[in-house]
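The chain below stands alone and is given as structure tokens, in the form predicted on its own.
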Amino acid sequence: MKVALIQFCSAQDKADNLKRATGMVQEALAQGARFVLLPEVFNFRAGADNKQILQEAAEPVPGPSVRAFFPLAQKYKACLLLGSIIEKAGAGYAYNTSVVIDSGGSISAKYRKIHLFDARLGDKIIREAGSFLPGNKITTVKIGEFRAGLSICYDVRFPGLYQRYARRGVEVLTVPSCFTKKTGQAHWETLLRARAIENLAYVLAPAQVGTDGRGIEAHGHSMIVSPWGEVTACGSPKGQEIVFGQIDLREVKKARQSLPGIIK
């Protein structure tokens, strides 16, 4: 299956983000991708510490940012992962939510980020729990002949989540992200390759690039990792781009036959 990762730089202008994102997704579909993935917070990117701004940006699912992709999935008969949007929640909070649209143009799965990012980067503090509620359910979904397990960004640091997916027979792990440059330089590739190796599954990780309104730069390097832990495609550190690759169910089966004792 041909897949495409949209490496994207979103900001606080939702209309502009959506216009650019749908354009890049359409370009990837027109080039034959059957599964196209956008990164975390592709439709609105701002500091997690401002509840008012996030509430103004939050939408129901489906809302305008999700519905905009229904016609594309239906036209090209392909699956889309909307890496994450800011989903409305109660009591002034929001969810960080991944949405899968199937080849018929309907929502086939939704996943709310379970592990919320909490970090101090120099003089900047990021604390998602101040504005977001955590999800509490893992989510699997069929993508063509594959079964995918959904996650978002900081989840990648918690291997138990992915082991649960592997025990459910998942062959693809999705990790749409907005990794910071500082943590990304140290950990991004290592974490993605580890999750692939531990679970003998593909890892598809579309990433944000550029600097947000707080002055925090995203790492880029959108990445496709094979079930054997090899990086088969990788984006640049800065530019918006489409990263194409192939995933093959036979490669998953081959890896799991080689190391049959890993997934129990």
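Position 1 is the first residue in the sequence shown; the rest follow in order. Source: prediction; values computed, not measured.
Although not depicted, the form predicted in complex with a further copy of the same chain is the subject of the following passage.
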{"item": "Distance check, I197 to a further copy of the same chain in the model of the complex, heavy atom within 4.5 Å", "value": "yes"}
{"item": "Distance check, Q163 to a further copy of the same chain in the model of the complex, heavy atom within 4.5 Å", "value": "yes"}
{"item": "Contact label in the model of the complex: F70 to a further copy of the same chain, heavy atom within 4.5 Å", "value": "no"}
{"item": "Partner proximity in the model of the complex: T190 to a further copy of the same chain, non-hydrogen atom cutoff 4.5 Å", "value": "yes"}
{"item": "One stretch from 18-26, 236-244, 250-258, 5-13 that, in the model of the complex, holds residues within 4.5 Å of a further copy of the same chain by heavy atom", "value": "250-258"}
{"item": "Sole residue of K142, R157, R168, K75 within 4.5 Å of a further copy of the same chain in the model of the complex, by heavy atom", "value": "R157"}
{"item": "Listed residue (H115, K110, K88, R147) with a non-hydrogen atom within 4.5 angstroms of a further copy of the same chain in the model of the complex", "value": "H115"}
{"item": "Contact test, all of A186, W228 and K264, partner a further copy of the same chain in the model of the complex, heavy atom 4.5 Å", "value": "yes"}
